[in-house]
Structure formats: structure tokens, C-alpha cells
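Shown below, as C-alpha cells, is a lone chain in the form predicted on its own; questions about how it binds or moves come after it.
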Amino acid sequence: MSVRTLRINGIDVAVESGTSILAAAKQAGITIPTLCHLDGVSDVGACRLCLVEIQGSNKLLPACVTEVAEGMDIQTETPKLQEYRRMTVELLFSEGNHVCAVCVANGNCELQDMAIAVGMDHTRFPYRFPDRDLDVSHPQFGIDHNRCIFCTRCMRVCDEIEGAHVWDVAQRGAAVRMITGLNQPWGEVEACTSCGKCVEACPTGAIFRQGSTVAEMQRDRSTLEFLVTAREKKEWTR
């Protein structure tokens, strides 16, 4: 095992080669904001909230998909990064239809938590008010496309942990949307095992259990972590 030594926020860190900056920071007790990252599934660098500054580079790089290198000097909380993160959260709110007061995840939403963390109390960008639908064709679950932030956690957890690959991304730009099956109503997709992992993985109220009313959503994040550990280490109890 080769080791890489680097500095994060002035703290000396030694981690195994191939470790991401996000994981290295976590080992050093440094928290970097994320939304699309989910322990146990692959990283894609979609939300850009984990951008960091690396001395000698004129680019901001996503910590979740950037591997450490020997001698890196990384900053995770500069005024520039804080401003970029706030702007990213503002854009997420203005791009979709996020009305917390009537959301099943109100009070249990990672986007809401992130807005509080970055100090966002309004958005400087005009709301787009996209015309998006809601699919409740599944007997147990539903998806409200108005609240989707396209983190693709549902797609990755369904593909990499459940092995069903029900979810995909369709279209691009302003028309992008999560789809089930071959753009079928969720309830008609035979591959869906109704395991509910996508519900647990969703950071907002976009994917929900039917019958849940405003602010009733509760998640058990440890389920996904347990499944990953069980598969990798053959530890099937908790």
C-alpha cells in the first residue's frame, strides 16, 4: 500500500493512494458539504458543492471525484468557495419548484439543511417555475419531479446496490428528468423490486412513500450503509 501525504486546511494528512480528497478530509475530521455523494455508491461529482481549492491549480475541483496526490495543499472553506456553494444552492432552488411548507421531507431534507448551512435565505436568480409532473403509479412510492435536484443517488443505489437499474437520466439541459424503465410509469416497470432504497437515498422529498403527509418523511440512512458493509465484509447483522 502506497501512502500520499498532503495538507488540508493546514492539517497534515497521510492517506492511502487512490483516496479521494473528500475521504481524506473526512479522515482528518474536516467536513466538506455534499449533496450527490452517498456513502456506499460511486461518486459522480454532479452537485459541485464539494469544490475545493488546490494550491497551484487555477481550477476548483470536486473533492468527491478527485484523488489525492503527494504534496497537495488544499483549502475547503475559503470565501470564494463559500460564495460558490451558496450560489449553487440558490440555483437549485430557483431551477425547481421547492416549496418546503408543503413537502413531505420538510424538516428532514438535505437541500433544506444545505441552504441553512450556507446561509441562504433567498435566491438572487429568477424562479423558473418549470411545469413538471408527479408519478404515483407505483403502489407504494411516488416521485414528484418538481423536487428532484438530479443528484442521481436513486439511479446509483438502484443500480449498484439493488442491481435492478430502474432509474435513468433522460433528456439534457432544462428538459433533463429522471425516468423509470424506458420512460414508463414507475408502476409498470417490471424490474422494480419495491425495495425502497431509492426512497432512502433521495436527499429531498422528490421520491417518497405514499401516504406520508407534510413533514412526515423519515429515513433510515443506516440501511444503505449496512447493505454495503454486508456485501463487502460479509457482516449480515446490525
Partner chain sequence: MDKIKLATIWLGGCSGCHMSFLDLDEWLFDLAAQVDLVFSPIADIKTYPEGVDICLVEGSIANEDNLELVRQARARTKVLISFGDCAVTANVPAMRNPLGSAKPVLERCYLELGDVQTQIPHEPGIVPPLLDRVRPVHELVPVDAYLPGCPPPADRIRTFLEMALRGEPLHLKGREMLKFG
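These numbers come from a predicted model, not from an experiment. Residue numbers count along the first chain shown, from 1.
One more form of this protein exists, namely the form predicted in complex with its partner chain; it is left out here, but the text below deals with it.
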**Item:** Residue contact check: V104 to its partner chain in the predicted complex, 4.5 Å heavy atom
**Value:** no
**Request:** With heavy atoms only and a cut-off of 4.5 Å, decide whether P126 touches its partner chain in the predicted complex.
**Result:** yes
**Asked** If you check in the predicted complex, is H122 within 4.5 Å of its partner chain, heavy atoms only?
**Response** yes
**Message:** How about P130 - does it come within 4.5 Å of its partner chain in the predicted complex, if we only consider non-hydrogen atoms?
**Reply:** yes
**Prompt:** Looking at N97, Q75, Q140, T88, which is the one with a non-hydrogen atom within 4.5 Å of its partner chain in the predicted complex?
**Reply:** N97
**Request:** Name the stretch, out of 108-116, 163-171, 149-157, 77-85, where some heavy atom lies within 4.5 Å of its partner chain in the predicted complex.
**Result:** 108-116
**Stretch 180-204 - residues with a heavy atom within 4.5 Å of its partner chain in the predicted complex** = none
